[in-house]
Structures are given as C-alpha cells and as structure tokens.
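A lone chain, given as structure tokens: the form predicted alone.
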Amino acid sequence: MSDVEFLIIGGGPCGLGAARRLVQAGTTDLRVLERSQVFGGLAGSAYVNGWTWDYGCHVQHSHYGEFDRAMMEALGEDGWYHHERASWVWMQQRWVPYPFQNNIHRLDPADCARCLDGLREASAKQGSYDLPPADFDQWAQRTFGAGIHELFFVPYNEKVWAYPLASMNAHWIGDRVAVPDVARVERNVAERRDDVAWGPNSTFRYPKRGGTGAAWKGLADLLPDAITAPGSTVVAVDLPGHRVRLQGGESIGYKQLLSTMPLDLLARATGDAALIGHAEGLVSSSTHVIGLGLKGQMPEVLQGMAWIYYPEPDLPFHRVTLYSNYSPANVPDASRHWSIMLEVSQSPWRVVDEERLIEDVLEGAVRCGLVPARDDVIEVWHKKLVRGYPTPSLTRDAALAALIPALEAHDVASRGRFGMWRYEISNQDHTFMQGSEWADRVLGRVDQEAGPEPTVNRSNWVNARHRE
C-alpha cells in the first residue's frame, strides 16, 4: 500500500465516522485498515441459519444530529424501526420497571420501606461530605442509601462490570445512572405508580433488516473502495517513523494516524516500554453473548419488552434482550420463531466456566421462566468478546493522562470504545462522533462553541446538551 496523509486503524463506528468526514471534505489521501473482512467492529452482526445476532445487546439512541444524518445515509429513513424502551428488572419472582430506584413500590412492603428509608437518609446527607466519593461503591451508598445499594445496586453492577465497585471510579457516571428524586419516588410509592421515562435511551431505533451491523455495513459501502482495506491486521506502529506494519510484512506511512484498536494493544504495538507500563492501568472485562432461537410464540408477558436486568446471583446472565421484538427479520419466520440474547460478564475477579456456560445459561433461562421449555430452543449462538466493557477503574484516568498525550506527540490519536477507554463515551453515537470530530480537528474545522473534539474533551457538556 502507498503512504497516505490520514491512516485509520479500525473499521468500526469510530473509524467509519472519521473516514466519512474526511471524504465529505474532499480528502481521498486516506486508508481505513480493518482486520476483519466486514466493517462494523463491536457493532457488527452475524447471520447463521436464517437467524440474525448482534455482537452485544445494541440499540441506537443519539446525542448528535450528525450521527442521525449518517444513519439515515446508511439505511434511509424507511430502513429503521423506532421503539420506546420497555425495560424491566426480574428479581424476587416479580417484575420491577426500570429504573429500579424509581419503582421500588413493586417490591414487597418490607423491602420497599427499607429502600425508601435509605433514600431519605442519603438525601438528607447530601452536601454534608467534606470530600467527593472515593469510588463507585461509595458514590452509590451516598446516592441511594443502604437499601437499594444492598438489594439491587451492588449485586447487579458486580454482575455486569465483573469487578468490585470499590475498584471503580465515580467520574464516569454522568447520565449513565438514574439519580433518584426522593419526592418523586415517594409519590410513586404512595400512588403505586410505575415511572419509566428516565434516561437518554427512552426511545431508540433499530435496523429493519440485518441487525445493528447493517447500519455500519451500509455506511462503509458509501466510502470509495480505494480507501478501504479489509483483512489488514496491524502488528507494529513505529511512532518516530510514522509507519504501521501489517501482518505479512507490508508497511504504510502516514502523517496523521487515528487508531481505534484497544489502547493497551496499541501501546504494545509501539514497543515503547513506558507506554506499555502505563497501559497496565487499563482494566476491562469480557462479554459472552449467547443467542437463543426458539420455536413457537413469545410468551405474552415478554411481548413488547426491550430488555430485562437480572441482578440475582443464582443466574449467570445479567441482561437479556428480547431480540425478535426489535425486528421480525431477526428470526427465520416471525410467525413460528422468536429469539433472545443473553449477556454474561467475565473477568479474573468473576470467573466463568466456559465449558459449562451454554448449559448454565440454558438451565437458568428455563428456571427463571424466561424460556418456557428446554425443547423450545432450536438454535444456539455464542460469541465471546474478549474486550466487552472498558472498566472505569481507579487506575484508568492516570493511565489515560499518560498515554493519550504521549501518542498525540507523535501524531497518533487513540479513539473509540477501547481506543479512548472511557465507558461514558463508548456508545455507537459517541464513538462515531469521536472519529468525526478528530477528522474535523486535523482538517482545521473546529466549531467555535463546542471547541475541538467535544465528545472527548467536554463529554459532560455533550451529554447534558442532549438532555436539554
């Protein structure tokens, strides 16, 4: 391959966002390297025996008009279903609407009273602390009180994050967690009223056909063939020389590099001992995505649901997506089939027996009533994402503060879900815009109000602006 002015490693949302923006500006001196033969990265989809499966339980909601326009370019206005979020918590053999903290009236009276007392006590103490919370666990205790913290918050979050909450920082939270309004919760309890409107993803869209991956394939197909290089695996990055070496020995030079590969792998690819050492502060967990295809009709209680949270420890999965509710095209025949996707987190702290995982998931799904009978399952699909969640560990911010500027000094920008390693800006819209805003910066096109790369540099502002 010939040398280019702009080189992009990774053909997921971030890399495609950057490439689209550069092409819009009339730039053709660029290349997108993607190790897979298909673009989309962690937002991709698989197609097996007539069933569609996503690489995770993805939905699209947006903080950006630019992202919305790109998705319409990819699939057209009529290429999407638009859904209202209907998410639930299943615990103590009962349904509790999400967010849990707003709907504690669904609990048994003793647990409801305990949770409400804890909320009141936590609210009364707000403003009395000399120091900010030291970690995520302390933040949760101060925010929700003992009842919700012990009954739901810790068991659920330890299942999804696969690390102790005291090992995580509280800087990332932003609009990711619903902070309770005590007066509102009190009214809900008094009136036994369900309260489900909170959150940035209260409505979402989903492709009519082809799963989440269809949107990113559609966007990649709009790029000139000459700038895309599927099947290209990066094995080394020469920072001083501004060159990337590919598996097989080929190399390509650049003036500006956008890397969306996991930041710890990028550090290793440079061979720089200092960068490799800093990257040891980055922590992540793996995610197992298990798709179950079922015969017959979905149980009535599940119809219309989007996803369900499972906090209790006797079930291996923490979240289940009612996948065929997103699109009937996700199954071979919507009149005879339905499907769900289940997520299981894994880390050195939360060990998973991978040999028994499918059996444990099937047994748990039947036992909790999610799957009516074992014989109803006629298709099983499993994908392990070695890096599923970029953990906001206590060591993360210091690692990023060392790594990102050191790379930038060599004209290398690390962006994306695991390139920037910031969960708070790791949704599809965020990562797409990280790439698009990087392209604007290197082209010298910076919005005067937002400043350079606002998703990276002003994430709270970006998310708050969406909520206004």
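Not measured: the values here are computed from a predicted model. All residue numbers refer to positions in the sequence shown, first residue = 1.
The following text describes the form predicted together with a small molecule, which does not appear among the structures shown.
Participant: Each of 267, 281 and 403 within 4.5 Å of the small molecule in the predicted bound form, by any heavy atom, yes or no?
Facilitator: No, because 267, 281 and 403 lack any heavy atom that approaches the small molecule to within 4.5 Å in the predicted bound form.
Participant: Tell me which stretch of 403-411, 40-48, 22-30, 439-447 has a heavy atom within 4.5 angstroms of the small molecule in the predicted bound form.
Facilitator: Going through the listed ranges, the match is 40-48.
Participant: Please check if residue 52 has a heavy atom lying within 4.5 Å of any heavy atom of the small molecule in the predicted bound form.
Facilitator: Output for residue 52 is no: heavy atoms all beyond 4.5 Å of the small molecule.
Participant: Can any non-hydrogen atom of residue 330 be found within 4.5 angstroms of the small molecule in the predicted bound form?
Facilitator: Judged by the heavy-atom cut-off of 4.5 Å, residue 330 is well away from the small molecule in the predicted bound form.
Participant: Though only this chain appears here, would residue 18 touch the small molecule in the predicted bound form if you measure heavy atom gaps against 4.5 Å?
Facilitator: No, residue 18 sits far enough from the small molecule in the predicted bound form that none of its heavy atoms falls within 4.5 Å.
Participant: Could you tell me if residue 101 has a non-hydrogen atom within 4.5 Å of the small molecule in the predicted bound form?
Facilitator: No, residue 101 sits far enough from the small molecule in the predicted bound form that none of its heavy atoms falls within 4.5 Å.
Participant: Note which of 207, 388, 293, 147 lies within 4.5 Å of the small molecule in the predicted bound form, where distance is taken over heavy atoms; exactly one does.
Facilitator: Only one option qualifies, and that one is 388.
Participant: Taking 4.5 Å between heavy atoms as the contact cutoff, choose which of 202, 233, 138, 297 touches the small molecule in the predicted bound form.
Facilitator: By the 4.5 Å heavy-atom cutoff, the listed residue in contact is 233.
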